[in-house]
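One chain comes next, on its own, written as structure tokens: the form predicted alone.
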């Protein structure tokens, strides 16, 4: 069994650290302008001007069952959908606002369809809920608000009419709806706090955090309804999940104060945007997509990979192609991801350059992921006497190895007691990242 001990969590994270791979879905009105989910902030669009998207939101090609099938085919085991993003638009039929999908040409509860479809495919279901709301009348202007550059007097007059406590109650009411009306929910993904952010030149624009959200009450509301929930830490109150965003972690994430290993999940995008961005071109290569998943699991984490559907409700060809990359690789190599974690320290220390290890939770199998395919031979020091059998994972074909000596150099044999030499095909197998499965003694 793995010797790594994670910090205890209030919610149920056992299934989560086994399944390792999920789909993030950022979908909202911002899919219509199709130039970033923060478009209201970036372009400083007032509510009235943004209304044109609300009046015309009509995802006529949305088929939640197709989404779920694609997620499952990609090897994803759970999903998290934006029920409300920073724009404040609700993708569910909330009785606490008129700013919701049922009041658009869509005319239906999109969250309900998502839940039913993903649950039918055997996938765990999660909700993203933004703590920020640029539409709600009681949400004060701050440095992350579309109206942040209005004159000071105008901002102060606007904020004087806001009651953040009413907004905090609004969030609790909506979270109650989300956790009452859709059956069992597995993840509640809040986003995000920024109480430490201040503009010295504009001190009247202060950041917001747990006091503004009344985060203790918000979390207590959620826990009372569904105690098993996995909740992230973005309310500024520690719960179950640490969520590094848009960068690759190189070691297991630890608690800043105690040093304990925590449950963590990297959230990443196929390109440079979360929402659908028609003209965004920094789409990741197949190699990068697979390597990100492997590297994340090799550090004891999960990967939540994002898709931004179009405003008509489908995944565009670029997103489908990226999902297919995962599907083709996971079909044959998922055993090195599900139920795996960071290799034990004494094994991890043996990992050669160009490779990444994952290890099964029971400790019986070590997976060597070949990011850089070697020419004919792979040498690993420190594994001698520990391997019973070796094979390529994608096809189960044997990989021969010998221990203690290197005799494939023309200069003659050299010896090293801790050395294992694997004999590989000269030509790399037709696999984005080949994996060697080692059965340990």
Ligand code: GLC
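Because the structure is predicted, anything quoted here is derived from the model rather than measured. Positions refer to the first chain, counted from 1.
Quick note: we don't show the form predicted in complex with the ligand, though the next part is all about it.
17, 127 and 240 each touching the ligand in the predicted bound form (heavy atom, 4.5 Å):
No: none of 17, 127 and 240 comes within 4.5 Å of the ligand in the predicted bound form.
Contact stretch among 110-118, 187-195, 94-102, 163-171 - heavy atom within 4.5 Å of the ligand in the predicted bound form
Every other range fails; the passing one is 187-195.
Given that the partner is absent here, does residue 135 sit within 4.5 Å of the ligand in the predicted bound form, heavy atoms only? Looking in the predicted bound form, residue contacts with the ligand do not include residue 135, since no heavy atom lies within 4.5 Å.
| message | Is residue 77 near the ligand? Define near as a heavy atom within 4.5 Å, in the predicted bound form. | response | Contact check for residue 77: no, nothing within 4.5 Å of the ligand in the predicted bound form.
Practice problem: Using a 4.5 Å heavy atom cut-off, state whether residue 86 contacts the ligand in the predicted bound form. | Solution: Result yes; residue 86 sits at the interface with the ligand in the predicted bound form.
* Is residue 267 a contact residue for the ligand in the predicted bound form, using a 4.5 Å heavy atom cut-off? -> Residue 267 belongs to the contact set for the ligand.
Work out which of 361, 216, 245, 344 lies within 4.5 Å of the ligand in the predicted bound form, going by heavy atoms. Checked against the cut-off, the match is 245.
**Asked** Out of 284, 145, 206, 234, which one falls within 4.5 Å of the ligand in the predicted bound form, going by heavy atoms?
**Response** Spelling it out, the residue with a heavy atom inside the cut-off is 234.
> Looking at the ligand in the predicted bound form, which residues in 24-56 have at least one heavy atom within 4.5 Å of it?
Replying inline: Contacts from 24-56: 24, 26, 37, 38.
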